[in-house]
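Given as structure tokens, the chain that follows is alone and in the form predicted alone.
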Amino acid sequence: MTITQLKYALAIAEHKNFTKAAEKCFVTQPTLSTQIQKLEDELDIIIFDRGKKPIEVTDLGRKIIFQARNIVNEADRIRDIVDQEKGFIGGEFRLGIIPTVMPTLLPMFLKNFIKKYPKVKLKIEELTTEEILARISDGHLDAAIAATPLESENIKERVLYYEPFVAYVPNNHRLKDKKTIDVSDLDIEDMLLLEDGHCFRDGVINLCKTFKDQMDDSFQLESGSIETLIKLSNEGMGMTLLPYLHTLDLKEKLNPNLKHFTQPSPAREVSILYHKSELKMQIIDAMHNSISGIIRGAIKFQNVEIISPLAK
């Protein structure tokens, strides 16, 4: 039994296809198949049911895959120990970012990070919070950036920044003449929301629930992007809430529509997430420091109240 064989088995379990797994591992399909057959022969068990399409992991195979992931992670930790001792920051690093953070945060830090750490090969994906939690737990992501706290026992969180909510109020709205607004001014009935699956949507709903005993779940209108919400709001369809960093890129003519909250401002906590096994911590530390240093100049609000991103 070898580490390589275990990595091949993990790839097959992920892709449920020998050819795709071989491509992922940069070997030929016959090479991968031969090594998996040797592993099964050595253990005298069947890990994969090849008669199913797509390929399925057998009941006993699932236990083997679970243990294989632990073994591969511990083997990777040996490399981490050596890299940290040598002060080396490099190698492949798979990062997930939620959709309401990616378009604003990524341009702020990516260029500087790549320049400072040229040996790090970043692979970045835009993913929902649910996908991020699953992929970190399964070892398919090294880290992620998302709204927290998420209360996942297998995942650690390190806060990057607190981002206030800002109201976007069109000039035909009932709140248009207010210089600042209070959470109690909000009414879910005239609020434009992101589609289900976005944690920012859940944060907005939780914020409104704070002051509403009852709430109708039949919302007026939902959209898949913050940019669309702004356009719909400009058409008189209702107000919406924006993460603070999104307001920095608005056209100047739209700035009068922005209304800040009375303090403490409702805000979301944005953190870098990683598995409790703490692999590749030298890269995670470098990314945390890089983002935290840059973001301090953009967000000066400190008196905030964190709104949970979890659906209630």
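These numbers were taken from a predicted model, which means no experiment stands behind them. The first residue of the shown sequence is 1; numbering continues from there.
Omitted here: the form predicted in complex with the DNA. The next part is about that form.
Asker: Is it the case that T2, T19 and P30 all touch the DNA in the model of the complex, with a non-hydrogen atom of each within 4.5 angstroms?
Answerer: Looking in the model of the complex, the three residues T2, T19 and P30 all sit within 4.5 Å of the DNA (heavy atoms).
Asker: Do T34 and the DNA share at least one heavy atom pair within 4.5 Å in the model of the complex?
Answerer: Yes, T34 sits close enough to the DNA in the model of the complex that at least one of its heavy atoms falls within 4.5 Å.
Asker: Flag I55 as yes or no: does it have a non-hydrogen atom within 4.5 angstroms of any non-hydrogen atom of the DNA in the model of the complex?
Answerer: Yes, I55 is a contact residue.
Asker: Would K63 show up as a contact with the DNA in the model of the complex if we use heavy atoms at 4.5 Å?
Answerer: Although the DNA is absent here, K63 would stay clear of it in the model of the complex, with no heavy atoms inside 4.5 Å.
Asker: Answer for R50 alone: is it within 4.5 Å of the DNA in the model of the complex, judged on heavy atom distances?
Answerer: Answer yes; at least one heavy atom of R50 falls within 4.5 Å of the DNA in the model of the complex.
Asker: Counting only heavy atoms and a 4.5 Å cutoff, which of 246-254, 266-274, 36-44, 283-291 contacts the DNA in the model of the complex?
Answerer: This holds for exactly one stretch, 36-44.
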